[in-house]
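The chain that follows stands alone, in the form predicted alone, written as structure tokens.
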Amino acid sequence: MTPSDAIRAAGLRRTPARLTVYTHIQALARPVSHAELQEHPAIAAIDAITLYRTLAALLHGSLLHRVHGIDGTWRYCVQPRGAEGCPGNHAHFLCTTCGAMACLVAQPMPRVDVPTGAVVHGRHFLVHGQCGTCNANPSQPARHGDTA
């Protein structure tokens, strides 16, 4: 399914901003922050408010899901559409040095008991530490608590 078709199938209008943002996040195949999105030349032309509204619409249309890192930054992944994208209900890894985040799709989610009668709308599990690049370069100071 093309990004344009996915947006339409989600019941959303196909605006240039939605198409550009969704296509870019889908191409990255990893969680990406608002700030990282703004660094892309095609997305830099979209003002910050429109970008926030675009992300909200794509979340509402279940085309994206978001993960809140320990660094306080929301990052966005493509929701599963068939075999495409970052499948939901899986773990993510956050590097506390460089702020990079990766999907750990091959990892099973831990079992969590919820209160009787509760309804679960989603699960997110965040593993944090140093990525391979930062671990190989110990001279870089840790950014734990900083925003990416």
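Residue indices: 1-based, along the sequence shown. A quick note: this is a predicted structure, and the numbers were derived from the prediction, not measured.
Another form exists, predicted together with the DNA; not displayed. Remarks below refer to it.
Taking the partner from elsewhere, residue 17 is found to have a heavy atom lying within 4.5 Å of the DNA in the model of the complex. When contacts are judged by a 4.5 Å heavy atom cut-off, residue 50 counts as touching the DNA in the model of the complex. The closest heavy atom approach of residue 97 to the DNA in the model of the complex falls outside 4.5 Å. At least one heavy atom of residue 46 is located within 4.5 Å of the DNA in the model of the complex.
Using a 4.5 Å cut-off to the DNA in the model of the complex, not one of 30, 65 and 115 places a heavy atom inside that distance.
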